[in-house]
Ligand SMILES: Nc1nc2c(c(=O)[nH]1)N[C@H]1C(S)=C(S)[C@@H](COP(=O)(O)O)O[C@H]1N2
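Next up: just one chain, as structure tokens, the form predicted on its own.
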């Protein structure tokens, strides 16, 4: 008597590369206008290299245009206490239950790159610096927005305090949730860019980025890193988590 073998599940390995290409292309297309996408009309679905090259070129062009239009003196709109969104929504590339819990007492902010004073800073060190607060709108690339209140150190003062080379091109951020991103120096020096120590939500909540977040109201939400563990200054564009997958790097006004 023969024994019938159960069929094995097909392997997804041969399709992984194709899925990665499709996902990357989808991210890139979200940042392009209909007019720009019309340039792809001469490419077939098999022209993967040609399509990707055009998409990346248009994304980089968008970055250059946004950078040219950026004004270091133009302020994002501010709001009143009554306009604060409550509860403020959680947002990340993972579910809320996976947000990291960082020990604030033993926390140290690492500093590297083109910075004179690279000594790591504790939260107590950062609390000794001048503090301000702002009520601004967080705008998510997914289409929603929320108004929140943040408090902390003006980032341009922090860069001055640590002796950062403000003639360098970029400031990069590494985070406890394995996220990373970077911004141009002009945005880093913008008067509303904030090194956040006080967050939306209830006292003791950590999900919004405790112990340290960088709030940049002139940029889309994904450019506002949470749970920041390291800040570095460089002339080499470090990119970022979403930028690597196709989102515009500049992503600001």
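What you see is a predicted model; the values in this text were computed from it and never measured. Numbering follows the first chain given and starts at 1.
One more form of this protein exists, namely the form predicted in complex with the named molecule; it is left out here, but the text below deals with it.
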Is it the case that residue 91, even though its partner is missing from this view, gets within 4.5 Å of the named molecule in the model of the complex, heavy atoms only?
yes
So in the model of the complex, does residue 164 come within 4.5 Å of the named molecule, heavy atom to heavy atom?
no
Considering non-hydrogen atoms and a 4.5 Å limit, does the named molecule approach residue 156 in the model of the complex?
no
Even though the named molecule is not shown here, does residue 101 get within 4.5 Å of it in the model of the complex, heavy atoms only?
no
If the criterion is a non-hydrogen atom within 4.5 angstroms, does every one of 121, 211 and 232 touch the named molecule in the model of the complex?
no
Any idea which of 123-131, 77-85, 139-147, 164-172 reaches within 4.5 Å of the named molecule in the model of the complex, heavy atoms considered?
139-147
Within 208-240, which residues have a heavy atom closer than or equal to 4.5 Å from the named molecule in the model of the complex?
208, 213, 221, 222, 224, 225, 226, 227
